[in-house]
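What follows is a single chain, given as structure tokens, in the form predicted on its own.
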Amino acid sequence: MKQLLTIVTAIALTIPAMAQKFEGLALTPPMGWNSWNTFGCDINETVVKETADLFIKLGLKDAGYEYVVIDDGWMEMERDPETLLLVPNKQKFPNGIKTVADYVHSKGLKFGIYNCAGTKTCGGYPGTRGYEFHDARQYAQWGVDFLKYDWCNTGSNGGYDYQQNAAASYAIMRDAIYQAGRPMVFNICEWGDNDPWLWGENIGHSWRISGDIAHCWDCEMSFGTWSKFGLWPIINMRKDIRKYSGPGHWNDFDMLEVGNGFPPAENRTHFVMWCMLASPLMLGNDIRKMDEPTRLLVTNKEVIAIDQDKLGIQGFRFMNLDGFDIWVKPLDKGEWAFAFVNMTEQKRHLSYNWSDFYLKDGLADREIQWNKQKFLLRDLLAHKDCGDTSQKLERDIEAHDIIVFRLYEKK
């Protein structure tokens, strides 16, 4: 059986592009929760069910979050020796994965799972290499709606070098999902090593652009052969990739660390910036212990609307002015989002005259002629209107904090 599966995978590498990813999914960046940032491989059925319950109770579903995703560590250390199927860990998931998926679906939510393109997952559990079509059928039978697909333990396989052919490797799993017949959002977790934005649009619905996120403002945590990165190293890591992001194919800046130890100002900046970047919004905290300020932040529909804007254009750094990073995101119906981030270590006063700075976004093919256009301002964190762009913006902003406005013309 194992030899047959290896042969099937080898044949799949030669299949022309007649298979495809499921279209019509992730037309806006996916929103949900993933277990990894808080639980690592120590995830279990109880946590997943309690999390699904809280999606309803805490207003997360109402705010747009829909995917409950189990990351690494959900399976036994070996496949079933007879069927070669992946086996859910009996202690963590005593009733199996389908029971959990059914429970999540009963809440009106969608269910996601994890595996890896290598021989083993990052946590050392069975990977999918050589079993892609086998595993995709199993996920479909369980009712999986979202697959996060990692990149650990890749390398050569019978003369086929996966490490140098990430696109082909991920295309195998894409084809397997399509053949299994159940639409699944396919998240390419390849860390940006092989420029997935160049090839990912026809294969997956989103792709990670960096290594794992860490809950720090501006740091790199080295683990020898790999690193975790703070907010700004991730944001600044890739240049000129916003043009590859859009409806059905998103640059993924990793799961959110909001609520995992950041002070309130940095929580706000982290969440708003992921929305400005049109990144998937996958909560990574233990929402069973989420405090009220964090809940109010991650369910702020006005800020989420920036991320979920149907135009689907990623924002960009417009300029840095006196210690403030200014980010801009074009929105549907001729509107704009502007975010001002205090990048310094102390409170600063922002004095910003809109008409002093010409703005044009070539990607959106749009510009603002301040002398001809006047926009009303909506403060999205404060939920209030606050004048228009004919007036100078004056605001005190705490260290590492952010303010964000929606600009719209009066009808």
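Residue indices: 1-based, along the sequence shown. None of the values given here were measured: they were computed from a predicted structure.
From this point on, the text means the form predicted together with ligand GLA, which you will not see here.
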query = Is every one of 266, 324 and 401 within 4.5 Å of ligand GLA in the model of the complex, counting heavy atoms?
reply = no
message = Please tell me whether any heavy atom belonging to residue 330 falls inside 4.5 Å of a heavy atom of ligand GLA, as the geometry stands in the model of the complex.
response = no
request  = Give a yes or no for residue 122: in the model of the complex, does one of its heavy atoms lie within 4.5 Å of a heavy atom belonging to ligand GLA?
outcome  = yes
message = So in the model of the complex, is ligand GLA close enough to residue 75 to count as touching (4.5 Å, heavy atoms)?
response = no
message = Even though the partner isn't displayed, in the model of the complex is residue 199 close enough to ligand GLA, meaning a heavy atom within 4.5 Å?
response = no
message = Going by heavy atom distances of 4.5 angstroms or less, which of 208, 174, 270, 129 would be at the interface with ligand GLA in the model of the complex?
response = 208
remark   = Answer key, ligand GLA contact in the model of the complex at 4.5 Å (heavy atoms) among 103, 262, 229, 191: the residue is 191
note = Testing 287 to 295, 146 to 154, 310 to 318, 104 to 112 against ligand GLA in the model of the complex with a 4.5 Å heavy atom criterion leaves exactly one stretch, namely 146 to 154
